[in-house]
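Okay, here we've got a single chain as structure tokens, the form predicted alone, with questions on binding and movement later.
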């Protein structure tokens, strides 16, 4: 690891000022579960590391104006332990409970998991499925960004060097929908996803009125299967329609072969997990 200057701002305003001055010379650290690994491997070599651990204003889970708002520095373990998240955003709760080890969940943050932009990041699919947005701030102002629009490529985002994610916002319109998350890894715990899938269904009289199908680890960035979503809308929530939607999701996926799994295996597992997740949403079929 190369030498660097460590900075620990005591307020968000101070943090934004520092980032505005340093720009691409600095990297933000929260839990450090990704950044420290990359710095040790010298794939990332910042001159300055800006620690947001002291920014307690970025650590919260609450309902505000009908939306579920989660502070960027909220630990994944806090999300896993939140009854509010469990009740309102079940797929996010499921994903949080499957991130790494206990130690990783106690250190890692929701924004860090997203900003690392790893295609297999577990927080991304449920947030994409729930149409979540990010509040992004810099010394020049504030903007909103859809989670699905955050990713520019593997380990790359559209964030500017002086910007920091401050909040994740799940709209109230998604909070009463049915959601589910499934993850397949090489082990049952402490593993990166070979495939992960999150789905959201809005139902009316057993007919799907709105659908989201989000996939991870099967493309350069976490993605939606729009063809699966389009197929589901307006159709009965039954096994045959779920089977066809799962086939469309598999066709949309763009997996690669690496040391953890082959592309064709990943594509087949997209089909399996998507069908299982959709069935679980309506209380039918295999739910794990």
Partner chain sequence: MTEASTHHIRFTLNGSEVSADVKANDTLLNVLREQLGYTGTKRGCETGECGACTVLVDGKAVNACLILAPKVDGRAIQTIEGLAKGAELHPLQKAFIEEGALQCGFCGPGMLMSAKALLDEIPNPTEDQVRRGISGNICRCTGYAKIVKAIMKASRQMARVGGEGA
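Computed from a prediction, not measured in an experiment: that's the story for all the values here. Numbering follows the first chain given and starts at 1.
The same protein has a further form, the form predicted together with the partner chain, not shown here; the description that follows concerns it.
Check: Does the partner chain get within 4.5 angstroms of any non-hydrogen atom of residue 80 in the predicted bound form?
Finding: Yes, residue 80 sits close enough to the partner chain in the predicted bound form that at least one of its heavy atoms falls within 4.5 Å.
Note to self: Taking the partner chain as it sits in the predicted bound form, is residue 104 in contact with it (heavy atom to heavy atom, 4.5 Å or less)?
What the structure shows: Heavy-atom contact with the partner chain at 4.5 Å: present for residue 104.
Checklist line | Contact of residue 3 with the partner chain in the predicted bound form (heavy atom, 4.5 Å) | finding: Residue-level check for residue 3: yes, a contact with the partner chain.
Item checked: is_contact(residue 239, the partner chain) in the predicted bound form, heavy atom dist at most 4.5 Å -> Flag for residue 239 set to no.
Item checked: Interface residue in the predicted bound form among 235, 254, 54, 226, criterion: non-hydrogen atom within 4.5 angstroms of the partner chain -> It is 54.
Next item on the list: Sort through 230, 258, 64, 47 and report the residue having a heavy atom within 4.5 Å of the partner chain in the predicted bound form.
Entry: Of the listed residues, the single hit is 47.
Check: Where, among 122 to 130, 211 to 219, 162 to 170, 93 to 101, do residues come within 4.5 Å of the partner chain in the predicted bound form by heavy atom distance?
Finding: Single hit among the candidates: 93 to 101.
Notebook entry, point to check: In sequence order, which positions of 15 to 51 have a non-hydrogen atom within 4.5 Å of the partner chain in the predicted bound form?
Noted result: If the 4.5 Å heavy-atom criterion is applied to the partner chain in the predicted bound form, 15 to 51 yields 29, 30, 31, 32, 33, 36, 37, 39, 40, 47, 49, 51.
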